[in-house]
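Before any questions on how it binds or moves, here is one chain, the form predicted on its own, in structure tokens.
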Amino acid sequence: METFYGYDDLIKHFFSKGQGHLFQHWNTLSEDERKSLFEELKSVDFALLTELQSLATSGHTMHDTFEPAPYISLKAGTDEYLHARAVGEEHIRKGKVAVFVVAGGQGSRLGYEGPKGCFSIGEVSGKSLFQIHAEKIVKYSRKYGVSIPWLIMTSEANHAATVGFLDKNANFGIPRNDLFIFSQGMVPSLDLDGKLVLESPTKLFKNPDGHGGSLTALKSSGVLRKLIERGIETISYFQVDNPLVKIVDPVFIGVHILHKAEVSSKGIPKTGPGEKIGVFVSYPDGTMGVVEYSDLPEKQANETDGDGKLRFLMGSPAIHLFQCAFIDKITSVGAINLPFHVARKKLKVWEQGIISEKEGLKFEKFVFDSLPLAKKSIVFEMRREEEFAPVKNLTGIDSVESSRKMMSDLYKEWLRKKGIEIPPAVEVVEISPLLAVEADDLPAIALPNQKKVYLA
């Protein structure tokens, strides 16, 4: 066993836990590098490591029995719809709503090296995902005469770049005291034998703890406490790669409040049994949750009802409303933690003096695993065409192409609803969020007879 003055107890501890391989390159390190490695290893939570190793063996984190979850549908213009909207608008005007975007990912699948939120998605304007979301917040703030905080969760990999990008662009109009940026937690990855692995001679290989880590990060960063002190009650949660999302939806907020829900989720009918989104389910104990598409047995994924519709129809686009009090409760000391899920991935690890690729295990938490912890959780049906255009690929399904087309199609629908003529030459329409976040915001305007039109 290796020794190093002042750190011998730590070395012995790692050897006793079967992790002595982390010191195989010991003789190649300088004294400063050895200290760096030890500082890294001091952060290892062996209770967590035991949990991850157990999960790697069992691979099981979900309920065995579930049924399709009930959901709420409201037709626009009905008394119930208008009442929900009025209740939601009052909640917004009272300054009780904050917006939370999960933005820890990189844009590598889009051919972009940098935070995905910095990726340009505006077909005419070239606006980034971050800019579109920020300008929606600015518009909603003006529309309802209130300051709406913007929460952004980054990752260790993109935090500095995200902060720099927003700072360079003056936060796209969001006042600095309304902007809260913080990083999610990191969790060690393991090899297939349940051993810790290194990313470099002095650094463990870790991965972000998933969007489920967002609730813990809200608490540990101190942001949740600041929001509560500010009078915020409801947090609107979404993912950065969806430029179409209604980030402050008064109808959704109103339904959430009227049903006294701790967590509310938007749902969309699946396009088919193979669509890669989780489905909302109900468990035997009366709670509600989401089963990932990869965990839903093929038989259940294909089941239909008497009308030929999928039984497990309502999919999750990862749009939620959380009560601050609920997040505070489940993230308090002694509260139940969200479970980790395990995925087998290729890891680029440092071994024998070189970086090599090997099979390993990554662990992450899913935010929807908080749903069963809520005393009351509801699902509210939305129109896919109005608010779900994720940017996950360059082409094909859920791509830059499909997202831009859906955005243009929705904006054309708004124009038609307002009785605004669309000239024959117009193929693409982009509307700045600063001008409108819904059709009723549009002024009477005349469009130029050209291929691409941008309205600001």
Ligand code: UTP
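Each residue number is its position in the shown sequence, starting from 1. The structure displayed is predicted, hence computed values, not measured ones.
Missing here is the form predicted in complex with this ligand; even so, the following discussion is about that form.
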Among 216, 128, 370, 239, which has any heavy atom within 4.5 Å of this ligand in the predicted bound form?
-> 239
Please pick, from 97, 103, 263, 137, the one residue with any non-hydrogen atom lying within 4.5 angstroms of this ligand in the predicted bound form.
-> 103
Counting only non-hydrogen atoms, choose the one of 191 to 199, 224 to 232, 106 to 114, 308 to 316 that falls within 4.5 Å of this ligand in the predicted bound form.
-> 106 to 114
With heavy atoms only and a cut-off of 4.5 Å, decide whether residue 211 touches this ligand in the predicted bound form.
-> yes
Counting only non-hydrogen atoms and a 4.5 angstroms cut-off, does residue 392 reach this ligand in the predicted bound form?
-> yes
Does this ligand get within 4.5 angstroms of any non-hydrogen atom of residue 295 in the predicted bound form?
-> no
Does residue 275 reach this ligand in the predicted bound form if we count a contact as any heavy atom within 4.5 Å?
-> no
What residues, if any, in 170 to 187 have a non-hydrogen atom within 4.5 angstroms of this ligand in the predicted bound form?
-> 184
